[in-house]
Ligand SMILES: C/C=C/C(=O)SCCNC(=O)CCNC(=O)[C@H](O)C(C)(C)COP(=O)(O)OP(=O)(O)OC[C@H]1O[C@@H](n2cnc3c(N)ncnc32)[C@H](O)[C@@H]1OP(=O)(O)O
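The data below hold one chain only, encoded as structure tokens and taken in the form predicted on its own.
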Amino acid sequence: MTDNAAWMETDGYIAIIHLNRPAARNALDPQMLVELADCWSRVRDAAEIRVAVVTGTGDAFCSGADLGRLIPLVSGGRPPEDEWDRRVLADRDILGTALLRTFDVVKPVIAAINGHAIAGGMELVQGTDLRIASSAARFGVQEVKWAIFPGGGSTVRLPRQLPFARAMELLLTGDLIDAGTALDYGFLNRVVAPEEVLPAALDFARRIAANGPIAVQAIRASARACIGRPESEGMNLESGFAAPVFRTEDAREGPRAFMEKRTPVFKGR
């Protein structure tokens, strides 16, 4: 077992990122923030990676910030003690990178939510594109219960990803909802048995990775950029994303493979 609090492995075109503090329910301490941020940078920069899956070790996905280690550090309640602490203090945007708040990995990200996703864990899920959850998982942003702010993007993303009243209920009460309710709200793609979470997420990842990678990334970028825009503005933005895709080698290979009744071979160019 690796000593890393967050680590990454690859399976073909797929990166699998593991949150790895099971004894702490994968709470975000300084080491996990740094290593998770580094994993996302690797996903973005590696041409051979087309899709990423993020999951937790043990029976939780992520319980949010480590209230004993991370919050006192960033609030000035304790001094830095090691390299992880010092890097967090030196790079104040590392939280935004780790939680995909201010960092775009460019490629699709799938959350394989093996257990509770609370506070910062829920905010990490909000930064992903597809979400497969265990039937035992629960979700919520509980910061308000401890008189702190859910600053990982929840006040921006939840009202966009849920009906407004549902989002405000979660934000202002700090209450948790179960996976079935989160599915009904449209926050999740699938709810499956606990042992099926990672296999189901990897099935999605393989289906996406088999598609043209340039087209996948452009479609993802367009969909995200056009959220909340007036329709005419969105259409103009979409044209800007679409045009370069049609000029790629892959865009010639796809139709040719269809006509020749064979599986296309996409090269990402």
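Predicted model, so just to flag it, every value in this text is computed and none were measured. Start at 1 with the first residue shown and count on from there.
Omitted here: the form predicted together with the named molecule. The next part is about that form.
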Worksheet item: Can the named molecule, laid in as it sits in the predicted complex by superposing nearby C-alphas, fit this form, that is, is the pocket open, or is it blocked with 3 or more ligand atoms within 2.4 Å of backbone or C-beta atoms?
Response: open
Discussion item. Under a 4.5 angstroms heavy atom criterion, identify the one residue in L170, A179, I118, V109 near the named molecule in the predicted complex.
Written reply: I118
Discussion item. Against the named molecule in the predicted complex, would G240 count as a contact residue? Criterion: heavy atoms within 4.5 Å.
Written reply: no
Worksheet item: Going by a heavy atom distance of 4.5 Å, is M235 a contact of the named molecule in the predicted complex?
Response: no
Worksheet item: Do I148 and the named molecule come within 4.5 Å of each other in the predicted complex, heavy atoms counted?
Response: yes
Item to complete: Classify A65 as contacting or not contacting the named molecule in the predicted complex by the rule of any non-hydrogen atom within 4.5 angstroms, answering yes or no.
Response: yes
Fill in: Stretch in contact, per heavy atom within 4.5 angstroms of the named molecule in the predicted complex, of 81-89, 182-190, 159-167, 139-147
139-147
Worksheet item: For the stretch 11-40, which residues lie within 4.5 Å of the named molecule in the predicted complex by non-hydrogen atom distance?
Response: A23, A24, R25, A27
